[in-house]
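Same protein, same chain, two forms; see structure 1 and structure 2 below, as structure tokens.
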Structure 1
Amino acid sequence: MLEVSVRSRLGDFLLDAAFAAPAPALVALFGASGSGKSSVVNAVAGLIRPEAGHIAIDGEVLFDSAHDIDVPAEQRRLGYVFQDARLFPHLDVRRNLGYGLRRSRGGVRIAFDEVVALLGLAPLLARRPRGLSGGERQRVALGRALLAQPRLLLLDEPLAALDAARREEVLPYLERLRDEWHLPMLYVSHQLDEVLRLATHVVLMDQGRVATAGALAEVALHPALGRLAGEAAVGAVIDSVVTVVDAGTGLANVAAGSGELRVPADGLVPGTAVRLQVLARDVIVATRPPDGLSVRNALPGRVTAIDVESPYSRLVAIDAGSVTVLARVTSLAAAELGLVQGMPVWALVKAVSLRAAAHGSGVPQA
């Protein structure tokens, strides 16, 4: 359990953020640049001291202004992966990795060889940081933080300085830390793609405050997400499993509440845990069972909410069994169809994007 509540005035910027998240979880702090994400992480790390607040991990208080508790950063036993890696230039990779390990208090749960194997660092051990590529640097920085035996790993936009190919070099390792090591992580990002792929929980930051926080699937339905990430990004996120793979059509069926959604089967097998995103703009609302349409994905459900997104558009939330999907319709259509809360409808899904897939232990259920 991670509890964070911080208040600080930084110039004329007021940081006033509070959230709690279960552990182990990958909690993404998502928001625009300057929304206060990094300040929150730095406060958790102990690198900045908030004026007021309370920070605790699994009940152990790291900071509490009311009780005058402020554990020094070097004693907090957290790992920190910075955007710019911050490897020590005068030490080779092996000694960079060992820096935190030598100073770790308590037992060694995470062994040197294990981390080197996980991150594929063996060929780099004798090299100096300046000869490494951006992706290699971040992998070393990640390994160094892990070897400090952290109870929580803090990552401040660790992929922001990398191009797409280098990102892909690091992302799978983060997924393994989440799924196989069950390491709690607090992950700062302003890239929705990363959040959709990695996060189990999301804290949406807006101008120094928490707009909303919760499991990814819940936050994905929150109106604030559209405001912060753009209306094109609004849509339901569904964590589920593949039920059937049809080699003939090349499609895989994924259970989704009252029905199933079909996605391209590339590499999927029955039982694969997948995370799907259904964008609001890709969902059509029908008041009668669909007939004679090319759309194959139809989920029966009920209207639970109709939000005014703009003067001309409405966001319709449809409860389709255990999942909720969002549909964007024009205000004209909403009126002509007579959409009201509780009304039975069909959500016709034109497109589904596969955000993550994992075999075995799978995408953590939000």
Structure 2
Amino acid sequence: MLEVSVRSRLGDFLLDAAFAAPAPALVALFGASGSGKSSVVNAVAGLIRPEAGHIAIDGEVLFDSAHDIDVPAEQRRLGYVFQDARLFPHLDVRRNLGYGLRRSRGGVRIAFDEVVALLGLAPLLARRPRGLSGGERQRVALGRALLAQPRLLLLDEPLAALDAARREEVLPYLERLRDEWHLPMLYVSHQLDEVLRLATHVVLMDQGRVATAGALAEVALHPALGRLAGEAAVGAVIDSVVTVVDAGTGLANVAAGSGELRVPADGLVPGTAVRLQVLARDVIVATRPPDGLSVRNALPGRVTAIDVESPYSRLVAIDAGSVTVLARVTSLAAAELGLVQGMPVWALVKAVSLRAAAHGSGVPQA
């Protein structure tokens, strides 16, 4: 378990944040720039000392103001990957990685060759940082942090300085760390697509405070996400598996609660673990089984809540078995359909509005 409670005034900014998350997990700190995400990570790392608070990993206290405990940063056994790779320019990749090993404490659990294979670094070992792409430099920085044998990996917007192609180069390696190595990570980002792809747990930060925190599927449904990322981002996040691929239609069936969703196959095969986001704006509510519609997805369920978003819109939560989906409808539609809590409905979603991203498939070994 990762436990964080920190309070500190940084100039005119008040950081007052507390959350707890299970480990191993990839915990994403998400929020706008200046919301306090990096300050939280730096407090966990021991780079800044909060005025008050408590930080512990698996029961071991790293900081506790009430008991005057403040473990020095170099003794916390944490790995840190920054926005810029911060590699030693005069050392080649092999020696940059070796620096991580020299910083390790408590024995070597993660071997050099394992890291090189995981991150595809073998072709780069003799090269210096100036000859690497941005994505390659970040992979080396990841490797160096891993070889320090961390019990928790801190990543402060590690992809922010990369273009879209280089981000896509690095993301699969982070997925492998999460799924194959089960390494606990605290990941800072203000890019929602990164959070939706990587996170298992999310902490929403807003002006120095935690707006909400919990498992990704729960936070994705929380109204605070709409305030921070925009109404268009609100919707269910579903981790599932591909059951059938129909080459004739180009669609794949993905298990979802009490039914299945059809999504564009895009190279998926049966058995592939996938994560998809079902946006509230893309869900239509029907009070009887659909007939004569082009919509291919219809999940049966019951209304569990109807929240007033504005005078003209309502956010309808539908329990569709083991998943909850949201639908954004007008207040007029909600009234004319007679929507009430407990009412049986069907959640309709166009297949073309869904994208199922392979989740945890990783990348081939180098």
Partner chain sequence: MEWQALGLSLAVASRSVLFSLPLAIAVAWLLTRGRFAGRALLDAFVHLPLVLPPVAVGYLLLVLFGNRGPIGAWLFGQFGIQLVFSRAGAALATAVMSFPLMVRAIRISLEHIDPGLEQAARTLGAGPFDRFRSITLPLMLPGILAGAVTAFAASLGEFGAVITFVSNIPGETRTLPLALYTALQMPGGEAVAARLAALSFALGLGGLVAAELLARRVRALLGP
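FYI, numbering is relative to structure 1, first residue = 1. For clarity, a rigid core is taken as the largest C-alpha set superposing within 1.5 Å between two forms. Small disclaimer: the values here were computed from a predicted structure and weren't measured.
The form predicted together with the partner chain is represented by structure 1; structure 2 is the other form. Relative to the superposed core, residue 25 undergoes a C-alpha shift smaller than 2 Å between structure 1 and structure 2.
Once you line up the core between structure 1 and structure 2, the Cα of residue 352 ends up 2 Å or more from where it was.
Positional change of residue 128 between structure 1 and structure 2 reaches 2 Å or more at the C-alpha, relative to the superposed core.
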